[in-house]
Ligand SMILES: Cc1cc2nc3c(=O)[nH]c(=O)nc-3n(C[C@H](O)[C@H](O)[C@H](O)COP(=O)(O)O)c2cc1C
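First, one chain by itself in structure tokens, the form predicted alone.
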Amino acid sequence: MKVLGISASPRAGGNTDILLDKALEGVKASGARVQKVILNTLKFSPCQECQNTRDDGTCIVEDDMQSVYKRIEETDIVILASPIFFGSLSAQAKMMIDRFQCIWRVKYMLKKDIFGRKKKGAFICVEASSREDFFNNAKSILKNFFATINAEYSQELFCMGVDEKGKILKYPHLLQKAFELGKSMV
């Protein structure tokens, strides 16, 4: 079984990364293979809503997103981790999701299934405030993304009131929840 962890935080080693790493530890403890993508280290542009699209679902823009498409296609489970920015996902997460417009178009407009087999998806999200509606905003976007890649929205971990880098380490129960989330996904 292959599991892909996607870090959508701009802050390396921050709370979102720490929680994702804990979830991936849980995945490894269950015997699955793990890959991690850190979106902030990739070189890719936002969706350009190209006029000359391909009918096979591949994006015509050649950049680091090509490896993300391939990894998602080959994986069984996707765990996306993002902080909340301005009431929703980080720019890194939204930019990646928007680049799946080529897949969305083929799936929903041309009625072709690019990814075929079903996957499972989980969402880890961290915010500094205590606004549940922010999580709901982010979750609605992620559910659309998961539907596009044939991933069932299976689990979530929402952490409120966590801002300073590394503050999540003061909440061992949340670290344990992240570990259990990863373990139970396999």
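Everything quoted here is computed from the prediction, not taken from an experiment. Start at 1 and count along the sequence shown; that's the residue number.
One more form of this protein should be noted, the form predicted together with the ligand, which is absent from this view; the next part is about it.
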Quiz item: Each of Leu4, Val34 and Asp76 near the ligand in the model of the complex, meaning some heavy atom within 4.5 Å?
Solution: no
Quiz item: Does the ligand get within 4.5 angstroms of any non-hydrogen atom of Phe86 in the model of the complex?
Solution: yes
Practice problem: Tell me, yes or no, whether Phe145 is in contact with the ligand in the model of the complex, where a contact means a heavy atom of each within 4.5 Å. | Solution: no
Practice problem: Verify the contact flag for Val162: yes if a non-hydrogen atom of it lies within 4.5 Å of a non-hydrogen atom of the ligand in the model of the complex, no if not. | Solution: yes
Quiz item: Taking the shortest heavy atom distance, is Val61 within 4.5 Å of the ligand in the model of the complex?
Solution: no
Quiz item: Which of these residues, Gln48, Ser67, Ser129, Asn136, gets a heavy atom within 4.5 Å of the ligand in the model of the complex?
Solution: Ser129
Quiz item: If contact means any heavy atom within 4.5 Å, which of 121-129, 39-47, 26-34, 150-158 contacts the ligand in the model of the complex?
Solution: 121-129
